[in-house]
Structures are given as C-alpha cells and as structure tokens.
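Next up is one chain by itself, shown in structure tokens, the form predicted on its own.
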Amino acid sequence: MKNFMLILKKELARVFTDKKLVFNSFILPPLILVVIYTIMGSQIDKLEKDIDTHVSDVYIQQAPQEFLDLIVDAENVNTFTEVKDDEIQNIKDDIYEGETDLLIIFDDDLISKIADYKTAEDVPEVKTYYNPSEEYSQKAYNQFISYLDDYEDTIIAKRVEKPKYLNAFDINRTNEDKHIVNEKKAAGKGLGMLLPMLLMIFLFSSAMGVGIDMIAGEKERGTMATLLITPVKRYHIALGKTVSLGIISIVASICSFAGLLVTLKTAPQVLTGSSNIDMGVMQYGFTELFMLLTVMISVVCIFVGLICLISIFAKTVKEAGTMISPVYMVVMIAAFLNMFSKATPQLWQFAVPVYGTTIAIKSIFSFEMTWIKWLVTCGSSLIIAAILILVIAKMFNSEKIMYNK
C-alpha cells in the first residue's frame, strides 16, 4: 500500500505542480466553454431580433380592398400591390434567391366567386409563395397567414346571420388551469438533451489528455522502463497510475461542468433550446447532485481503464492517440444516440456501458432517476472498470508488452 501511495502522489504531483498543465486541463476548458457559448447565445439573440425587426417585402396580386384595409397597419412590411402577370416569375426567382419574402395571388374577382360558388371544387383560392429555408420569408408567411385567417373570418361573418353560432363550443375559454405540468421536470428535460453528451465528451477527453502521457509518454521517454525495474510491485504501479488518472479526470470534468453551469445563466437557449426557460425551478438537491457525481465517477473509471489499457500497447504518445480515437468515436456515438430519444428506458439499458450512463445523466437532470437505476448504472460501470484494471495489472507483468519487444 505504501508503494501504491508513492506512485499515486508522484502522478498527482506531476500534474498539479505543473502550472501550464493545470491551466490547460482545469482552467482553460471551462473558460473556453463560457466564452464560446456566451458568444453563441448573444449571436442567437441578435439573429432573433434581426428576424423580428426585418422589414418584409410582400407582393400581392388582385387583393380585395377589404384585405388591403386589414393589413394597412401591418408592422415591418413593405407591400407591393401593383403586380403584373409578367412580373410573377421574376418575383418567384427573387424569393428563391432570398431577395424577396412573399408573394400572394388572389383569384381574379375573388368576391364574386365567393358569393357564387356552389361546390367544393369551385371554392376560390389564395396562393402563397415563400421560401421556408429563409427566416425572413418564413416570418412574412406566418404573419400574412394570420391576416388571411382574419380576412376569412370577416367574410364568414357577412355570409352568416349569426356568425358566433358557427362555434358549437369553445375550448378552454375560462379554463385558466389547462396546463398541468411539472415545471422542474420540463426545464430539466431541456438540459437532459444536450448536457449528457457534453459531459461524456468532457469526461473522456480530460482522461485522454493526461492518460496518454502517463503511460505511453513514459514509455516513449524511457522513464517507464526505469520505473519497472524498481522493487515496487507492478500492480501497485498500475493501480497508482489508474487511480491518479481517475482523480485528475474527475477534477477536470467538474471544472468543465462548472463552466457549463455558468453558460446556463448567460446563454440558456444554446444548451436548452429555449431562451425563456426558467432556470429557477431547477433546484437540484443533494440526492440529484450525489447521483450525478457518482455516475460521473463510475463512468470515468471505465474511460480511465480503456485509455490506460490502450496506452500500454502503444510505443509513443502519437500512436496511443491514434489507437484511442476509434474508442472516442464510439463514446460520442453512444452519447449521441440518447440525445433525442423520447422512449422510456428499460432498467437493463442502464447497465450498458457508456450508453447507460448517458441515460442515467439524462434521467437525473429530468428528475426521473431512481435508486435502483442508479445502482445498476454505477454497479455495472464499476464491475467493468474492475475487469479493465485487472487486465491492466496483468499487462504490466508482461515484459513483451511493457518493453514493446
């Protein structure tokens, strides 16, 4: 145990006494997150305001005067009502190019057709042309669809003696309590979509950055060979390196997670998809924080085991990075698969390595995690990590592998 503690202290001291490594591993990642997501949030706000204040160019052909009177006070709209037939194609081309927003064509002599039609086939038509891939065009379309609905209501009111009787019943006219929603759970679901994937990436990358150098780097520099010929038992060396890497990885991931929490205040729409989310309702208690921390620690144990195991077989840091990259991709895919899933996960899914952890983190954020799910998640991760550590210890006893013979 004494030798194990010496190895552990040596590895921790090597990292935490290196100012550049501390800055790059623990300070720079959360700082970058705050800066990047804050800039992204401000740009999203700017884009939304730009769309709201954009003055739309709308061309209208053969519009009845009643409709024109209805839109006379329309905000942020330039309307062009003198549209000739030979101009139609040019306007459509401009909409295609994003230079014009909307074209509305009313049937010729619309009022007379409305008064005279007898069958569904003869119902007059209003055609709209817009570009749904352009935000300005989509905004103009939504605005004028509302005007067209209002215009249709005025026509119906003239055709029916008592238009209010067209409604057989109202829906929720006096029902102020129609929304039955758990606000904490609803707000947490927004975080549960993106944060699990980001956390998994942070956890793996933080372990990979230090872990590769801890074994493959020492092999490349020749210091590993010196360490192996000391009287220290090799499984103590293996255990000391894996445990120290786990501690470093947890500290780094917590720092990155703290950076994410800061961005929730500066740019909640980037992480949750909504700028109106009420962050105040998400008051995570000791239970949620304890579950989150222990689930993170358990999956880090797997990552540390994988990174150390792969680094053992590599001769250089560069080779180790190349060998670990496919594993990194698998981790990202496993985390991404659960990002948009709406199905209720089965208990056995929490036992799936890495994927089960993303499900667990998502459940914690949405206040749906139970103790049995937590136990399955952490238990399965720790069992796999223990197996990896046993394999690592066995590899350390192999002269062929450690000396790359």
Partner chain sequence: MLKVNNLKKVFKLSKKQMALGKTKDKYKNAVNGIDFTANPGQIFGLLGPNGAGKTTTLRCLATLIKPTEGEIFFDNINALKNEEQVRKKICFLTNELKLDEFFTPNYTINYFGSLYGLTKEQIQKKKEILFKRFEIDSYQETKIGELSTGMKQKLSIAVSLVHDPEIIIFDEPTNGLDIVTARSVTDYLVELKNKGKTVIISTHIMSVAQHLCDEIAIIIDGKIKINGSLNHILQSTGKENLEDAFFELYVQSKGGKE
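Numbering follows the first chain given and starts at 1. Keep in mind the model is a prediction, meaning the values are calculated, not measured.
Not on display, but discussed next: the form predicted in complex with its partner chain.
When you look in the predicted complex, the only residue of Ile155, Ile201, Leu227, Ile88 with a non-hydrogen atom within 4.5 Å of its partner chain is Leu227. Contact annotation: of the candidates Ser112, Thr223, Ser133, Asn142, the single residue with a non-hydrogen atom within 4.5 angstroms of its partner chain in the predicted complex is Thr223.
Its partner chain in the predicted complex is approached by Val232, whose closest heavy atom lies within 4.5 angstroms of it. Although the partner is absent here, Leu6 lies within 4.5 Å of its partner chain in the predicted complex, judged by heavy atoms. Looking at Lys394, you'd find every heavy atom of it more than 4.5 angstroms from its partner chain in the predicted complex. Contact with its partner chain in the predicted complex, judged as any non-hydrogen atom within 4.5 angstroms, is confined among 94-102, 328-336, 213-221, 254-262 to 213-221.
Contacts to its partner chain in the predicted complex (heavy atom within 4.5 Å) from stretch 384-401: Glu399, Lys400.
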